[in-house]
Ligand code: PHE
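The chain that follows stands alone, in the form predicted alone, written as structure tokens.
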């Protein structure tokens, strides 16, 4: 058996994990959840959620990978043979996310190229929906291929492939830059945003607490959901990344640093978002609440317009902003690819890493073609809704049940405490056995109830079934198939 690759240092691992966790969602999803749910009150609950479920789950996944020295399928398979299918399920769902995430990354590529000349002009809406996406009138009108999205997709896949083509060796070199640059660029953008006229009004919406919101259960659901979804949990990523740590590497404080780093990216993004929108609202003579739009519209329509309104250094700010967007996207993208690639390297230990990464990348390009069509934005919205709200929530429940209940004894807890400066106790067991699975089950029930009451965004049933539900239904069968196709190499993973 070939010797397993390891991170060159613990801090490189931490940077890689932060890079994976901090993605595009940190830029627009977190600030607007804070705005909608009481500002600083939401941030306080978010910190609590990190402590209660975020860090315990990070410790679980990192510790499991580090203990077993295997990616998700074989790490879970060492607990009990049949559990390896759940490991394949986790990385299968992650690969499905990667199919459409790369389309979003291709938008970032296009905007970074356009930033040097502010090519979007005054009509940022038409530039995004027309020039870039060539968006059709609805999900029923698939149309042809949007060539800017396809070319951006191919370029994005090239960036991701060359980030992982040598495994840990190449990833280690990339994350030193891509995981640190967002902090530097965000710091520059914060200084610029806070010195703009009207910035204070925008920032106050983000930071001024509305304590009465604490009585609203929606706030708690939103905060705990944000932590679960933003830390790259249940994708198999952190298990794979943990497996590249030497067995004696410290775990608990590493997980804390990952959670803190991810939170800082979100918080700094919030200052940039609302400082800039405060200025934008002042220039337009409207309340900040009327200048606020969440989702992709913020990043790809509102922010280009806000940048165009800046009194100076417009092109420089645009290049910095979309450069940051690209670095946030690339870390998250190649971590999803690496989680999948690592599982195959465990089974085909003698196969060249470059070949495995290339084959998976080609599958990824093929899987992403649907999202380059004129209806790609609609397909992306549906796929993201179902995979994140159902696939990953179910995977999170299964993961905590396996480690908390199906694995006899406290083997993982004992292993983590042997390597860590901060020892875990009964509170970690309570979080894994009770708090996390109960919360995720409640979240799943709420999502299902809402789904049957009102079909998501009014999309036709056929689209919700074939683009949303069907991939979730097929994912367990794909997981079994992947395991069966690679079992002839099972001897390569036995110690």
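Residue numbers count along the first chain shown, from 1. None of these values were measured; they are calculated from a predicted model.
Another form, the form predicted together with the named molecule, is not on view; read the next lines as being about it.
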Is the gap between residue 471 and the named molecule in the predicted bound form 4.5 Å or less for some heavy atom pair? no
Can any non-hydrogen atom of residue 101 be found within 4.5 angstroms of the named molecule in the predicted bound form? yes
Does any part of residue 327 reach within 4.5 Å of the named molecule in the predicted bound form? Heavy atoms only, please. no
Is there a non-hydrogen atom of residue 332 within 4.5 angstroms of a non-hydrogen atom of the named molecule in the predicted bound form? yes
Thinking of 134, 136 and 372 as one candidate spot, does the named molecule come within 4.5 Å of a heavy atom in every one of them in the predicted bound form? no
Any idea which of 375 to 383, 302 to 310, 276 to 284, 228 to 236 reaches within 4.5 Å of the named molecule in the predicted bound form, heavy atoms considered? 228 to 236
Checked 160, 109, 115, 336 for heavy atoms within 4.5 Å of the named molecule in the predicted bound form; positive is 336
Since exactly one of 66, 50, 26, 436 fits, which has a heavy atom within 4.5 Å of the named molecule in the predicted bound form? 26
